[in-house]
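Two versions of one and the same chain are coming, encoded as structure tokens; call them structure 1 and structure 2.
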Structure 1
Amino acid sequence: MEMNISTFAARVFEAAKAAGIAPAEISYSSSESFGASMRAGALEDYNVSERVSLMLRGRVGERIGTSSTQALDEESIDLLIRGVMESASLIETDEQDDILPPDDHYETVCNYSEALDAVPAEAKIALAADIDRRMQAADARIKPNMSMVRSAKETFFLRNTLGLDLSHTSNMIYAYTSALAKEDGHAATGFKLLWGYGMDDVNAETIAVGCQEDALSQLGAGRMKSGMTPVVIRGGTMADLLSTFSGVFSADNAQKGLSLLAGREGETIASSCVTLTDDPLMPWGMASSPFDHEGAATRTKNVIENGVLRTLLHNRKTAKKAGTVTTGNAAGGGRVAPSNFFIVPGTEALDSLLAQMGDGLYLTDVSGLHAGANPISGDFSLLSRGFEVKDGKIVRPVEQFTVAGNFYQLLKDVLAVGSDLVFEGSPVGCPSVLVSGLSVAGE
């Protein structure tokens, strides 16, 4: 027999108390999503979902146990209680996420649009159809793939037996399309995604034109010559790298020997033009929330300020161990993660960065990040594509080469930061950056 969440939570707290689990905390998320994809004038996929997940944490003697379920029924109450007891008996670490009363004050931040919730399915399907139509009408060299529109809404709530009772709701919509461009036996892929909180943020023309330009610009790509070369990294690509290596800024990783930034607060670890900010209170930020997964109030901070490491990202556990206070970055399960995480933009436009570089590589895309990048050593070696630059001007597309380097070194090698900060469907964003040198392996 299914229960509603309030009844279920009350029953779980009751059962926890009877089993000697105190305090206890429930985190619960409830999400809805809609997705439609269109290809060659036909709606190909249509997906709707509603999903819940609930986690119980509770103290049993010295330790805090954890257990979770997606079923709000009698059997789950028993499973959660047994699970927490067993989990607490197995856990051996002393430093656990604690269960605490609420903070005194929480900021407010909005990343939920009521208007978006009211947009009917037909309008979202029409958007996918519009993008698809524009793709089908493109240049004969373009072979369109799927055009996709997706919207999502999530409510997260956290409630415990010490008076904590918080909830936050967010939503978003995104749309993208991809295509293959073919000419003279050569093929190149193109992609464009936009996201936001209303239909105006996901303009069909911008997406279709962006995707076609991306694919066509790479036709006839040559190879790069091997060697060290100065590089301008496109903002979205720099964000991919930053996202892959964001774990190096986790105090949890640092305390476990998995980051080389352990104990280096106050030291210069990057070029003086690099300021890296974590901003959970960014209005309309994808990862904005007034509280983290432990119920701690979140706040905006510079992780790197003009090249100097100011702080790592903490939850209460790592902060206590380091003798500081939480930065509000608890991500659940004892982990630490950034929220809206970005390199603060400078004043120079992309053209000016290319001009400053003179001859080199404009790196527009890297792939295989989960394989070719080692988040612990900082080493990366990635299949890449981009453009060769001569005298500050793009001269031709290049592909089938790898760019290798080390993330820690890359931060130090930044010569200039562009003004074009972008968040490409991710809470991690960057402007374009000029770096003094990366190793290219081509022909």
Structure 2
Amino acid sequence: MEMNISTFAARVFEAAKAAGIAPAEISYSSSESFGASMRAGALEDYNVSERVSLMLRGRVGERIGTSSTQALDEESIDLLIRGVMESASLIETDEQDDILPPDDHYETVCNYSEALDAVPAEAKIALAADIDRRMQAADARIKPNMSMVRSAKETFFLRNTLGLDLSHTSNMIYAYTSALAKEDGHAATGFKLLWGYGMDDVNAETIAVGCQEDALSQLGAGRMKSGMTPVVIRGGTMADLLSTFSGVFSADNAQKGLSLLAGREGETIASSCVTLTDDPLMPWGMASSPFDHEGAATRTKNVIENGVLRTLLHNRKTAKKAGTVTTGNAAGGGRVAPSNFFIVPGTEALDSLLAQMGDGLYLTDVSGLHAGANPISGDFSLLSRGFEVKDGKIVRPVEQFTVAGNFYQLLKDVLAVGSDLVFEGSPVGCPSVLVSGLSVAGE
């Protein structure tokens, strides 16, 4: 018979104590997801899923063993205890992740909406149908693709026998549509995604109109001339680049030789107008949480401040190696990862950035990030699209060209940071930025 998590944890700790496992710690996550997709007036896909996972860690002598389960029943308790004992007996390394008591203080942060939790599936399906209907009634040049609505809820629970007792629940909803525009032998794709914590955040009209405008704006696209070109990078596109290369700011990667930022704290690694922040306490941030997966209190910190590398991101293990303290970025499984990670916005509007650039490229989309970017060296070469800019004004769409550069150098080449910070369905966000130049391979 399944138990609730509190009852199950208490039973596991009793069994662990009887088996000589002390201290012991349970980490538990449960997730619920919903998805509905519409195409041409028909419900094409509908799914609801739930997932539960639990890990027990415990010290057996001088070693810490681990065991996991997806069932909270009596039989699983015995399996978990045996698993920890066996795991501990097989460990040969002296590098052990400690089980520790709670920190003195944890901040309060909210990214959970009770109102969203109460929205019925029928309302979400109706939203997907509304987006689809608006797309079907669009400009004759528009051929709609799929319209979808997704929602998710996750709870993370962490408790140990040293007094740690933490839990955090978050949820969100997003809606998305895409389309193909065709005219005079030219074709272009468009999309629009909105996300948030209530139905008002995913307005059907805004999504449909945004997708249509994106597709139509790209019709008749030409090619950029090859050469080094000044570039304004759209915020969402800059966020894609930052997300791809975010691992260079992980102390774990640095200590393994997988980042060129190892040992460079205190050095200038970016333009003075670049401040890069990791903020797990952001109100309504997608990755906000008052504690990390090790139970360490999280805090807001500038990874880069006015161009200077202030810190890498640490869990307790990497912090111990570096002779510092954790930054609260343990992501489970020994990983280190950012939370809400973004370049702090400046004060200049996009039009101002384009005016400063004069002639150049407004880069709105890149593809092939997994194949065309080296997350260690920082090099990238990506198929792109955007708009050619003359005298600070957009003059025509351009596509089917590549932009190439190096992420480390890109940070140094930022000339100005825009005010339009955006998070496009990801906890990694950016405003638009003006950079002195990227290599363009076009016509």
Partner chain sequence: MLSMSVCQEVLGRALSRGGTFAEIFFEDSRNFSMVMRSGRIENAAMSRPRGAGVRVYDGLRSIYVYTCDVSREGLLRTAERAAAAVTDTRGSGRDVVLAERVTPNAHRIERRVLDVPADERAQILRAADSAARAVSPSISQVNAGFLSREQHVIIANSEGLYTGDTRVYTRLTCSAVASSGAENQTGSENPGAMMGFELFRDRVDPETVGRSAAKSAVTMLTAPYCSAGEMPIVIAGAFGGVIFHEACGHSLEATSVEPGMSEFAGKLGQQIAAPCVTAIDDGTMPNEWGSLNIDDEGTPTTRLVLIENGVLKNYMIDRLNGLKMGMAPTGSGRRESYAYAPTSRMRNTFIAPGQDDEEEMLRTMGDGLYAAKMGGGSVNPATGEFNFAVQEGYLVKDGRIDSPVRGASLIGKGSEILMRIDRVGREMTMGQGMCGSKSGSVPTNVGQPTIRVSRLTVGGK
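Everything numeric here is computed off the predicted structure, so don't read it as measured data. Along the sequence of structure 1, residues get numbers from 1 upward. Rigid core: the largest C-alpha set superposing within 1.5 Å between the two forms.
Remark: structure 1 matches the stated condition (the form predicted together with its partner chain). Relative to the superposed core, residue 163 shifts its CA atom by 2 Å or more between structure 1 and structure 2. Residue 427: CA moves less than 2 Å between structure 1 and structure 2 after rigid-core fitting. Annotation for residue 377: C-alpha shift under 2 angstroms between structure 1 and structure 2, rigid core superposed. After superposing on the rigid core, the C-alpha of residue 8 is displaced by 4.8 Å between structure 1 and structure 2.
On rigid-core superposition between structure 1 and structure 2, the C-alpha of residue 23 is found to move 3.3 angstrom.
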